[in-house]
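A single chain, nothing else alongside it, follows as structure tokens in the form predicted alone.
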């Protein structure tokens, strides 16, 4: 099934993201998490992609379980900056053999220890390659506060439009903590003629160091209200978790009230957090 078809004009969808366990952990570690997430009835579950080796293989295995055992549509991430066209074709063949139809086309992070590849430079190149091959539904990523490597807002939107023109049927945003940034981004997309559904990526705060690391990677700004929460409760894990959940719920309520197409929760493989947020906003969807 095409995940794009789950979006509608009069309601928002809710989806989750999970990631494969580290190479030193058994893949079965994620399965109990998936069972708990299934009970929350998400529209789909995305699975992040590792930079080669068993972690990348686990993306397919986890997505296959989501699709073929849990009967939930998976969105399997696939990256290209460290891959040749032949390697991408191999991964897509694995996906196809496991009945995985939806992929999130990403550039990915450059891994210095891997041999450099030159077949793909941008995610838009990967989207076109997959679209030309056929047989998959493609999603793309977007950055409400501008991609860290983009020259400016205009060039960022131009590149995003190219990604959509090359086959991306809907977009999933990077995390953000200030909803006004997302609304401004939606306006820029509309002006640029980007008319595919855009899902808002929300990450509940459960660990200050983790959030700081993510923010440094994606460039998300920290509103004063959010910073006060982290500073006040950074030495009280349970209080920080509960305050972070409350902040995320507040974001979700505002987004849904403003007609967002979907909420994509970065669960960090924490079903407790996903359940608390789902329970709070379920009747709003």
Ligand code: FAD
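Computed from a prediction, not measured in an experiment: that's the story for all the values here. Positions refer to the first chain, counted from 1.
FYI, the form predicted together with this ligand isn't displayed, but the following is about it.
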{"query": "Among 189-197, 90-98, 108-116, 202-210, the region lying within 4.5 Å of this ligand in the predicted complex by heavy atom distance", "finding": "108-116"}
{"query": "This ligand contact in the predicted complex: residue 83, any heavy atom under 4.5 Å", "finding": "no"}
{"query": "Partner proximity in the predicted complex: residue 143 to this ligand, non-hydrogen atom cutoff 4.5 Å", "finding": "yes"}
{"query": "In the predicted complex, residue 156 touching this ligand (heavy atom, 4.5 Å)", "finding": "yes"}
{"query": "Touches this ligand in the predicted complex: residue 184 (any heavy atom, 4.5 Å)", "finding": "no"}
{"query": "Selected contact from 58, 64, 48, 33, since only one has a non-hydrogen atom within 4.5 angstroms of this ligand in the predicted complex", "finding": "48"}
{"query": "Heavy atom within 4.5 Å of this ligand in the predicted complex - qualifying residues of 120-138", "finding": "122, 123, 124"}
